[in-house]
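Consider the single chain below, provided in structure tokens and representing the form predicted on its own.
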């Protein structure tokens, strides 16, 4: 098994079975248990969506309709649709963070929209770079509208994100825009690392977590603080909320990595064994390779051969299942579930360093629980 010092905590039990909720986190506090997370997510979506739609309407044709397709508002033929718009965790965090300062949640709306635009900019480009043909149970933008439109619309969303903040014209908006820009640069660094790792035989656990901290943690950190910044929070408060969001992002990505191998395609909207198909050096893979032992060594030999294979895309389901079984036998699946729990604990602990209403603290904790216990 992988040395637990790499995880920074003791070994505990967790579940990560294909098609089931993964992984199990420690019991939430009573206050967090009482929070209606569905209502919290819906509040963020309801507040952000009209402003997001108005921002998309600014785009020149056909980028406006391509964007509308990506967000699930229309189908491929341009007819109104009610597609899956994602979990809306980032907008929920952004409007909630405004309440840390005592401001109304509406103060966080421009930040919520800006973060959502950056997130979707990254999805459009990532889907193209990764060759993903499905997202949220529909064909991806590049598959329907072509690679050029995926690139252009992604660029447009990034520009809109900064515009949403800077047009407020306040000192707080300028501070928020700087944090968003830094987060976006880190996100891009993470994607570059992710791509480069696909062509390496070995990636360390530390390298993988650095990449995931950039690719996922940075934007969740920004989402967790941007509303507070717009509400006038000082840098210490914003930095502490970013710490919460960063570790929440690492937990979020660890769960995504589990779902990328063992997730049920009906729930995830992606192919079975999707991360293995793309040769991704995700946490379960790198943890298994670092573990040592027969299963780890056999996995390393197989993956090294896979990297040189010209017929990899034609592998059978059984071949991918065999690789997943070796990852699990070497301890990669269990370690990743435990790491999600550890990062969740650190995220919750960060909240203790700043004053905020008990209700808001409980809502942050409940969102963290939701992120780590999910099917998609």
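Just so we're clear, the structure is a prediction, and the values are computed from it rather than from any experiment. Numbering follows the first chain given and starts at 1.
The form predicted together with another copy of the chain is left out here; the points below concern that form.
K.L.:
Mind telling me which stretch in 340 to 348, 34 to 42, 59 to 67, 321 to 329 gets its heavy atoms within 4.5 Å of another copy of the chain in the predicted complex?
P.N.:
Only one stretch qualifies here: 59 to 67.
K.L.:
Pick from 81, 302, 152, 88: which residue has any heavy atom within 4.5 angstroms of another copy of the chain in the predicted complex?
P.N.:
None of the other options qualify; the answer is 152.
K.L.:
Using a 4.5 Å heavy atom cut-off, which residue among 209, 191, 267, 278 comes into contact with another copy of the chain in the predicted complex?
P.N.:
Of the candidates 209, 191, 267, 278, 191 is the one lying within 4.5 Å of another copy of the chain in the predicted complex.
K.L.:
Might residue 215 be said to contact another copy of the chain in the predicted complex, defining contact as any heavy atom within 4.5 Å?
P.N.:
Although another copy of the chain is absent here, residue 215 would stay clear of it in the predicted complex, with no heavy atoms inside 4.5 Å.
K.L.:
Is residue 163 part of the interface with another copy of the chain in the predicted complex - any heavy atom within 4.5 Å?
P.N.:
It does: once another copy of the chain is placed as it appears in the predicted complex, residue 163 has a heavy atom within 4.5 Å of it.
K.L.:
Given that the partner is absent here, does residue 232 sit within 4.5 Å of another copy of the chain in the predicted complex, heavy atoms only?
P.N.:
Because no heavy atom of residue 232 falls inside 4.5 Å of another copy of the chain in the predicted complex, the answer is no.
K.L.:
In the predicted complex, is there a heavy atom of another copy of the chain that lies within 4.5 Å of any heavy atom of residue 128, even though the partner is absent here?
P.N.:
Yes.
K.L.:
Is another copy of the chain in the predicted complex near all of 167, 174 and 181, within 4.5 Å of a heavy atom of each?
P.N.:
Yes: 167, 174 and 181 each sit within 4.5 Å of another copy of the chain in the predicted complex.
K.L.:
Between 278 to 299 and another copy of the chain in the predicted complex, list the residues on our side with a heavy atom within 4.5 Å.
P.N.:
Result: empty, none.
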